[in-house]
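This document opens with one chain alone, in structure tokens, the form predicted alone.
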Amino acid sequence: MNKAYDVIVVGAGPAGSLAAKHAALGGVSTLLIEKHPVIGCPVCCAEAISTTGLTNIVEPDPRWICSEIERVRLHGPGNSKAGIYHPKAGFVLERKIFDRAMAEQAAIAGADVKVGVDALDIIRGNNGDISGVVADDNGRSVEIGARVVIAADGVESQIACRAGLNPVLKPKDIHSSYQYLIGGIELEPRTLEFYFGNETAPGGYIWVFGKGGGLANVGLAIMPTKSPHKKAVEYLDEFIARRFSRYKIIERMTGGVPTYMEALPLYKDNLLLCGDAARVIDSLTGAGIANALLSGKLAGQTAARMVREGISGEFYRKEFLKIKGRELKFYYLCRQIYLKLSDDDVVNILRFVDDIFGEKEITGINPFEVITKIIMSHPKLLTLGRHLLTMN
């Protein structure tokens, strides 16, 4: 590992690896560091991604795809349900393999990749710009210089905090989540299951994402303020006992799922944020892989141009928000509506969704159009969603 690079990327998740890859492809010296000894572990993700969210950025590889997704089953209170059949909907990934493959792509592009290196602080030069990071390199303190730093170190980004971008989440802007990888079960192939309702997962939902071979990620996210006396894992345990007659728990994970934060800058001086560190997350579903990939790619391309041409990080902010800004804001507002729904509202929405799709084969979904139709169909939702309708 050299003492200085043009670009240092902190965090080798999908966002960080894509950032490192594209910075290196841009012809600048690049270092990608990961605090864990093994890239891709631990897994903190439900592992599903839409087809376009993946293929717009990287070419799918059978090595890291567990299952293709072609059907979604939605379940609500009182046995209400709806189904959507979309043969090219998406994929369930094997993140342990996928993340390492993305890091491999960064290395092939020319980036240095180092594991067991934890960025603890930033270094500032005489002009106040960040001039590198202080890191723990497998127990040894090192200083590594950089002209641009990309923070891809997750929802609790230390680099963002050290730089004065304090992305602290308020209780209303984070869900409590818990997930098991379970085995020994039978599922409808190529199908995702979602379960809604205030008795099932208050303020959130439960997911069942099959991975093939009798395996599935089964988890939930809830709004803690809507369930002050019951933990996420309790709801999940109760659900699994109802849903599966036999199962074996193989892995467990827990954490917080943040919402999009429009007020959080995507850059400051020569620091760029991407992935969960930038809070570029779908606030309605909690999905983050696709936005992480896109933000990482754009951050890496911008960082290379910052070094070569002297452009500002403002280019990255504008490019990302031009593609994703309206969508992220739309889903954030949708979440505010969702948190106000009663179980009867959920039943009515599922009935309407089933009327729209009804297991008919579709080739794509326009979420703005579908959600607008749902809101227009229900007087209460029309009142709640008046701000959304002005965006469409």
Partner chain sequence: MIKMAEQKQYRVKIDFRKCGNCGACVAVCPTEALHLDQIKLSSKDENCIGCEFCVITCPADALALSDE
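Residue numbers count along the first chain shown, from 1. Just so it is clear, the model here is predicted, and its values are computed rather than measured.
If you look for the form predicted together with the partner chain, you will not find it shown, but the lines that follow are about it.
- Look at 35-43, 323-331, 51-59, 345-353: in the predicted complex, residues with non-hydrogen atoms within 4.5 angstroms of the partner chain sit in 35-43.
- Proximity to the partner chain in the predicted complex, defined as a heavy atom within 4.5 Å, singles out one entry of L284, V233, L181, L74, which is V233.
- Contact with the partner chain in the predicted complex, judged by any heavy atom within 4.5 Å, is made by just one of E104, E262, E238, E156: E156.
- S312 falls outside the set of residues with a heavy atom inside 4.5 Å of the partner chain in the predicted complex.
- When the partner chain is considered in the predicted complex, G203 lies well away from it, no heavy atom lying within 4.5 Å.
- In the predicted complex, the partner chain sits beyond 4.5 Å of every heavy atom of R243.
- Shown alone here, S177 lies within 4.5 Å of the partner chain in the predicted complex, counting heavy atoms only.
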